[in-house]
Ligand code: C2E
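Let's start with one chain on its own, the form predicted alone, as C-alpha coordinates.
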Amino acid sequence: MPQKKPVDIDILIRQADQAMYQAKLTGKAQYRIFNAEDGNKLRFKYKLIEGMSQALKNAEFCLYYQPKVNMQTGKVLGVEALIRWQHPTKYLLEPNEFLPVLAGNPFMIVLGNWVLENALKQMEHWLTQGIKLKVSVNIDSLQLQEDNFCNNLQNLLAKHPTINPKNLELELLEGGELNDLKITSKVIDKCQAACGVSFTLDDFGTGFSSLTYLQKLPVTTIKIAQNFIQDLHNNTDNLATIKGAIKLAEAFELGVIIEGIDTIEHGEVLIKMGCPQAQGYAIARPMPSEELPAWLETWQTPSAWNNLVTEP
(Lines give C-alpha, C1' and ligand atoms only; values in the text may rest on other atoms or scores of the structure.)
Protein backbone atom coordinates (compact mmCIF):
# COMPACT_ATOMS: atom_id res chain seq x y z
CA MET A 1 0.00 0.00 0.00
CA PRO A 2 1.60 3.30 -1.11
CA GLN A 3 2.42 5.72 1.65
CA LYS A 4 0.82 9.15 1.67
CA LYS A 5 3.12 12.10 1.11
CA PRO A 6 3.64 14.05 4.32
CA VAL A 7 1.87 17.40 4.44
CA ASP A 8 4.15 20.41 4.08
CA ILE A 9 3.01 22.72 6.89
CA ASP A 10 4.34 25.88 5.20
CA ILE A 11 2.45 25.11 1.98
CA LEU A 12 -0.71 24.32 3.96
CA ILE A 13 -0.50 27.66 5.78
CA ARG A 14 0.02 29.56 2.51
CA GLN A 15 -2.97 27.81 0.94
CA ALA A 16 -5.10 28.63 3.98
CA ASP A 17 -4.01 32.27 3.70
CA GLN A 18 -4.97 32.32 0.03
CA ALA A 19 -8.40 30.84 0.77
CA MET A 20 -8.91 33.42 3.54
CA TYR A 21 -7.93 36.23 1.16
CA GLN A 22 -10.45 35.02 -1.43
CA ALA A 23 -13.13 34.90 1.27
CA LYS A 24 -12.39 38.49 2.26
CA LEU A 25 -12.71 39.63 -1.34
CA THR A 26 -16.25 38.25 -1.51
CA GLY A 27 -17.40 40.01 1.65
CA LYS A 28 -17.77 39.44 5.35
CA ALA A 29 -18.93 36.21 7.00
CA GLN A 30 -17.72 34.12 4.05
CA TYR A 31 -15.50 31.10 3.69
CA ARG A 32 -13.59 29.65 0.77
CA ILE A 33 -11.94 26.29 0.21
CA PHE A 34 -8.52 26.46 -1.40
CA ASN A 35 -8.18 25.12 -4.91
CA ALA A 36 -5.28 25.22 -7.34
CA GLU A 37 -7.04 27.60 -9.75
CA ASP A 38 -7.57 30.19 -7.00
CA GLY A 39 -3.94 29.75 -6.02
CA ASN A 40 -2.73 30.38 -9.56
CA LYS A 41 -4.91 33.49 -9.88
CA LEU A 42 -3.64 34.82 -6.59
CA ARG A 43 -0.01 34.20 -7.54
CA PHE A 44 -0.59 36.03 -10.82
CA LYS A 45 -2.18 38.92 -8.92
CA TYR A 46 0.70 39.20 -6.45
CA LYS A 47 3.26 38.94 -9.25
CA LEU A 48 1.54 41.71 -11.20
CA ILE A 49 1.32 43.98 -8.14
CA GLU A 50 4.98 43.31 -7.38
CA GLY A 51 5.78 44.19 -11.01
CA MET A 52 3.87 47.46 -10.70
CA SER A 53 5.73 48.34 -7.51
CA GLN A 54 9.01 47.80 -9.31
CA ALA A 55 7.72 49.71 -12.34
CA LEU A 56 7.04 52.73 -10.14
CA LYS A 57 10.63 52.64 -8.89
CA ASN A 58 11.89 52.29 -12.47
CA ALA A 59 9.80 55.25 -13.73
CA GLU A 60 7.89 53.07 -16.20
CA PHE A 61 4.54 54.78 -15.63
CA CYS A 62 3.50 57.88 -17.55
CA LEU A 63 0.39 59.98 -18.06
CA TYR A 64 -1.52 60.48 -21.28
CA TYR A 65 -4.12 63.22 -21.66
CA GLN A 66 -7.47 63.12 -23.46
CA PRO A 67 -9.19 66.42 -24.28
CA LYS A 68 -12.74 67.31 -23.28
CA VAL A 69 -14.56 69.79 -25.50
CA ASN A 70 -17.86 71.47 -26.15
CA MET A 71 -18.72 69.87 -29.49
CA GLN A 72 -21.01 72.74 -30.45
CA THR A 73 -18.66 75.67 -29.81
CA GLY A 74 -15.33 73.88 -30.16
CA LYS A 75 -14.17 75.19 -26.79
CA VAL A 76 -11.62 72.96 -25.04
CA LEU A 77 -12.91 72.36 -21.52
CA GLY A 78 -9.88 70.52 -20.19
CA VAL A 79 -8.15 67.15 -20.30
CA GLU A 80 -8.33 63.90 -18.38
CA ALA A 81 -5.08 62.41 -17.06
CA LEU A 82 -4.87 58.68 -17.84
CA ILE A 83 -2.12 56.40 -16.58
CA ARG A 84 -0.10 54.17 -18.91
CA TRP A 85 2.54 51.53 -18.16
CA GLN A 86 5.48 51.41 -20.55
CA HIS A 87 6.24 47.76 -19.84
CA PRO A 88 9.89 46.88 -20.56
CA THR A 89 9.12 43.56 -22.29
CA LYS A 90 5.58 44.09 -23.61
CA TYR A 91 4.03 47.28 -24.95
CA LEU A 92 2.31 50.40 -23.65
CA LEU A 93 -0.30 48.97 -21.27
CA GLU A 94 -3.62 50.75 -20.74
CA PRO A 95 -5.25 51.00 -17.27
CA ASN A 96 -7.73 48.15 -17.82
CA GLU A 97 -4.77 45.80 -18.32
CA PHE A 98 -3.30 46.29 -14.85
CA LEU A 99 -5.43 48.44 -12.53
CA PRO A 100 -8.29 45.94 -11.87
CA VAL A 101 -5.99 43.66 -9.84
CA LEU A 102 -5.35 46.56 -7.45
CA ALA A 103 -8.97 46.69 -6.25
CA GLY A 104 -8.82 46.96 -2.48
CA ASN A 105 -5.01 46.80 -2.41
CA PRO A 106 -3.06 49.57 -0.60
CA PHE A 107 -0.78 49.98 -3.64
CA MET A 108 -3.75 51.61 -5.39
CA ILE A 109 -3.29 54.53 -2.99
CA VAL A 110 0.43 54.76 -3.76
CA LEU A 111 -0.20 54.74 -7.50
CA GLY A 112 -3.10 57.18 -7.18
CA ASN A 113 -0.91 59.64 -5.30
CA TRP A 114 1.72 59.33 -8.03
CA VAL A 115 -0.87 60.15 -10.71
CA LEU A 116 -2.14 63.16 -8.76
CA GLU A 117 1.33 64.57 -8.14
CA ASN A 118 2.49 64.10 -11.72
CA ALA A 119 -0.67 65.64 -13.13
CA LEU A 120 0.00 68.74 -10.99
CA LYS A 121 3.61 68.86 -12.21
CA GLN A 122 2.36 68.73 -15.78
CA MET A 123 -0.17 71.48 -15.16
CA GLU A 124 2.61 73.65 -13.77
CA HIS A 125 4.82 72.92 -16.77
CA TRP A 126 2.02 73.79 -19.20
CA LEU A 127 1.55 77.11 -17.44
CA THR A 128 5.16 78.01 -18.31
CA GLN A 129 4.16 77.45 -21.95
CA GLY A 130 1.11 79.66 -21.59
CA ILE A 131 -1.29 76.69 -21.54
CA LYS A 132 -3.95 76.94 -18.84
CA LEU A 133 -6.10 73.83 -18.72
CA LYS A 134 -8.47 72.15 -16.31
CA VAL A 135 -7.12 68.66 -15.60
CA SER A 136 -9.18 65.81 -14.20
CA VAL A 137 -7.64 62.93 -12.26
CA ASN A 138 -9.31 59.64 -11.36
CA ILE A 139 -9.41 59.00 -7.61
CA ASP A 140 -10.03 55.51 -6.25
CA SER A 141 -12.44 55.24 -3.32
CA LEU A 142 -9.70 53.62 -1.22
CA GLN A 143 -7.52 56.69 -1.76
CA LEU A 144 -10.34 59.17 -1.16
CA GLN A 145 -11.40 57.55 2.10
CA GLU A 146 -7.93 57.73 3.63
CA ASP A 147 -7.94 59.68 6.89
CA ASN A 148 -5.39 62.20 5.61
CA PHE A 149 -6.53 62.51 1.99
CA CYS A 150 -7.52 66.18 2.25
CA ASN A 151 -4.31 67.12 4.07
CA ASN A 152 -2.22 65.31 1.46
CA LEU A 153 -4.09 67.13 -1.29
CA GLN A 154 -3.47 70.50 0.40
CA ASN A 155 0.25 69.70 0.73
CA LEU A 156 0.50 68.70 -2.93
CA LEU A 157 -1.22 71.91 -4.06
CA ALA A 158 1.09 73.93 -1.81
CA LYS A 159 4.07 72.48 -3.71
CA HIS A 160 2.61 73.92 -6.93
CA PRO A 161 1.47 77.43 -5.96
CA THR A 162 1.10 78.63 -9.56
CA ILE A 163 -1.80 76.22 -10.10
CA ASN A 164 -5.32 77.44 -9.46
CA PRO A 165 -7.00 74.61 -7.48
CA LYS A 166 -10.20 75.30 -9.40
CA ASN A 167 -8.44 73.83 -12.43
CA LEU A 168 -8.06 70.45 -10.70
CA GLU A 169 -11.01 68.08 -10.99
CA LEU A 170 -11.20 64.75 -9.19
CA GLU A 171 -13.26 61.98 -10.81
CA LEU A 172 -14.89 59.31 -8.64
CA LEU A 173 -15.90 56.04 -10.25
CA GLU A 174 -19.58 55.34 -9.57
CA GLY A 175 -19.00 51.61 -9.87
CA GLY A 176 -16.20 51.82 -7.30
CA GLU A 177 -16.44 50.82 -3.66
CA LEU A 178 -18.10 54.00 -2.40
CA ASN A 179 -19.44 51.99 0.50
CA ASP A 180 -19.74 54.71 3.11
CA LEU A 181 -21.40 57.63 1.35
CA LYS A 182 -21.46 59.65 4.56
CA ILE A 183 -17.67 59.54 4.91
CA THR A 184 -17.17 60.13 1.18
CA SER A 185 -19.49 63.12 1.27
CA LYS A 186 -17.60 64.64 4.22
CA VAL A 187 -14.25 64.21 2.45
CA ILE A 188 -15.58 65.86 -0.71
CA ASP A 189 -17.03 68.77 1.29
CA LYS A 190 -13.75 69.20 3.16
CA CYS A 191 -11.65 69.14 -0.01
CA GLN A 192 -13.92 71.62 -1.77
CA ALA A 193 -13.85 74.00 1.19
CA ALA A 194 -10.15 73.69 2.03
CA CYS A 195 -8.68 73.28 -1.45
CA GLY A 196 -11.22 74.61 -3.94
CA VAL A 197 -11.10 71.53 -6.19
CA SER A 198 -14.18 70.12 -7.93
CA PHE A 199 -15.53 66.57 -8.09
CA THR A 200 -17.15 64.58 -10.89
CA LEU A 201 -19.09 61.32 -10.60
CA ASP A 202 -17.56 59.15 -13.33
CA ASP A 203 -19.23 56.28 -15.25
CA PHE A 204 -22.64 57.54 -14.22
CA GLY A 205 -25.40 55.01 -14.85
CA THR A 206 -23.31 51.86 -14.48
CA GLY A 207 -24.11 51.31 -10.80
CA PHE A 208 -27.37 50.49 -9.07
CA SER A 209 -27.45 53.56 -6.83
CA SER A 210 -27.10 56.46 -9.25
CA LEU A 211 -29.89 58.53 -7.72
CA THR A 212 -28.59 57.87 -4.21
CA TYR A 213 -25.13 59.06 -5.23
CA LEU A 214 -26.59 62.30 -6.61
CA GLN A 215 -28.52 62.85 -3.40
CA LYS A 216 -25.64 62.07 -1.05
CA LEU A 217 -22.47 63.21 -2.81
CA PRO A 218 -21.75 66.94 -3.34
CA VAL A 219 -20.28 66.52 -6.84
CA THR A 220 -20.52 69.29 -9.45
CA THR A 221 -20.62 67.16 -12.62
CA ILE A 222 -21.66 63.73 -13.79
CA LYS A 223 -19.91 61.87 -16.58
CA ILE A 224 -22.22 59.49 -18.44
CA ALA A 225 -20.62 56.08 -19.03
CA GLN A 226 -19.40 55.34 -22.52
CA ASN A 227 -21.17 51.97 -22.77
CA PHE A 228 -24.43 53.85 -23.35
CA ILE A 229 -22.96 55.32 -26.56
CA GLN A 230 -22.49 51.99 -28.30
CA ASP A 231 -25.10 51.29 -30.97
CA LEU A 232 -26.70 54.62 -30.11
CA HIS A 233 -28.78 54.86 -33.30
CA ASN A 234 -30.45 51.47 -32.82
CA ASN A 235 -30.65 51.12 -29.05
CA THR A 236 -33.66 53.02 -27.75
CA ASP A 237 -32.88 51.97 -24.16
CA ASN A 238 -29.46 53.65 -24.30
CA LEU A 239 -31.02 56.80 -25.77
CA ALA A 240 -33.62 56.86 -23.01
CA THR A 241 -30.93 56.33 -20.35
CA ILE A 242 -28.84 59.23 -21.66
CA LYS A 243 -31.86 61.53 -21.84
CA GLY A 244 -32.81 60.53 -18.31
CA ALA A 245 -29.28 61.20 -17.03
CA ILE A 246 -29.28 64.64 -18.67
CA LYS A 247 -32.64 65.47 -17.03
CA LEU A 248 -31.33 64.25 -13.66
CA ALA A 249 -28.26 66.46 -14.00
CA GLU A 250 -30.50 69.44 -14.76
CA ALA A 251 -32.73 68.66 -11.77
CA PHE A 252 -29.73 68.52 -9.43
CA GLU A 253 -28.13 71.56 -11.13
CA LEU A 254 -25.07 69.60 -12.18
CA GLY A 255 -22.86 69.77 -15.21
CA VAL A 256 -22.92 66.77 -17.54
CA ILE A 257 -20.30 65.34 -19.88
CA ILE A 258 -20.29 62.11 -21.86
CA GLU A 259 -17.35 59.91 -22.79
CA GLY A 260 -16.85 57.48 -25.63
CA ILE A 261 -17.74 59.81 -28.54
CA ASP A 262 -15.90 57.75 -31.13
CA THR A 263 -17.76 58.76 -34.30
CA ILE A 264 -19.05 62.00 -35.82
CA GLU A 265 -22.55 60.49 -35.74
CA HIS A 266 -22.34 60.00 -31.96
CA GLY A 267 -21.58 63.69 -31.61
CA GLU A 268 -24.49 64.74 -33.82
CA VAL A 269 -26.99 62.74 -31.76
CA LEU A 270 -25.72 64.02 -28.43
CA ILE A 271 -25.56 67.68 -29.47
CA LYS A 272 -29.21 67.44 -30.52
CA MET A 273 -30.03 65.80 -27.18
CA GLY A 274 -28.55 68.73 -25.29
CA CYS A 275 -25.25 67.16 -24.24
CA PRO A 276 -22.51 68.93 -26.23
CA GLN A 277 -19.75 68.42 -23.64
CA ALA A 278 -17.83 65.28 -24.44
CA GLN A 279 -14.61 63.37 -24.91
CA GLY A 280 -13.78 60.46 -27.20
CA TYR A 281 -11.82 59.31 -30.24
CA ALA A 282 -13.89 61.49 -32.61
CA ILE A 283 -12.37 64.45 -30.74
CA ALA A 284 -8.94 63.10 -29.83
CA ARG A 285 -7.28 59.95 -28.55
CA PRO A 286 -5.31 60.13 -25.30
CA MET A 287 -1.88 61.55 -26.09
CA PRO A 288 1.47 62.18 -24.39
CA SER A 289 1.74 65.58 -22.72
CA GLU A 290 4.25 66.87 -25.28
CA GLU A 291 1.77 66.34 -28.12
CA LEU A 292 -1.04 68.35 -26.56
CA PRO A 293 0.21 71.89 -27.45
CA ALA A 294 0.21 71.03 -31.17
CA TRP A 295 -3.24 69.47 -30.90
CA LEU A 296 -4.59 72.61 -29.21
CA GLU A 297 -3.31 74.72 -32.11
CA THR A 298 -4.92 72.57 -34.80
CA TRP A 299 -8.17 71.45 -33.12
CA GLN A 300 -11.37 72.54 -34.76
CA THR A 301 -14.93 71.28 -34.52
CA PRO A 302 -15.87 68.81 -37.30
CA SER A 303 -18.01 70.57 -39.91
CA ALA A 304 -20.85 68.08 -39.35
CA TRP A 305 -21.26 69.46 -35.82
CA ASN A 306 -21.50 73.09 -36.89
CA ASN A 307 -24.87 74.80 -36.57
CA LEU A 308 -26.59 71.80 -35.01
CA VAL A 309 -29.58 72.81 -32.92
CA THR A 310 -29.86 71.52 -29.36
CA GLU A 311 -33.22 70.02 -28.45
CA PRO A 312 -35.14 72.00 -25.78
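Residue numbers here begin at 1 and follow the sequence given. If you're wondering where the values come from, they're calculated on a predicted model, not measured in any experiment.
Form predicted in complex with the ligand: not shown, discussed below.
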query = Though only this chain appears here, would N138 touch the ligand in the predicted bound form if you measure heavy atom gaps against 4.5 Å?
reply = yes
In the predicted bound form, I261 touching the ligand (heavy atom, 4.5 Å) = yes
ask   = Is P276 a contact residue for the ligand in the predicted bound form, using a 4.5 Å heavy atom cut-off?
value = no
ask   = Does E171 reach the ligand in the predicted bound form, with heavy atoms at most 4.5 Å apart?
value = yes
ask   = Among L144, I83, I242, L157, which has at least one heavy atom within 4.5 Å of the ligand in the predicted bound form?
value = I83
request  = Using heavy atoms only and a 4.5 Å cut-off, determine which of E94, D180, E124, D189 is in contact with the ligand in the predicted bound form.
outcome  = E94
message = To test your reading of this chain, name the stretch in 193-201, 210-218, 231-239, 74-82 whose heavy atoms come within 4.5 Å of the ligand in the predicted bound form.
response = 74-82
note = Within 274-305, the residues having any heavy atom within 4.5 Å of the ligand in the predicted bound form are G280, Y281, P286
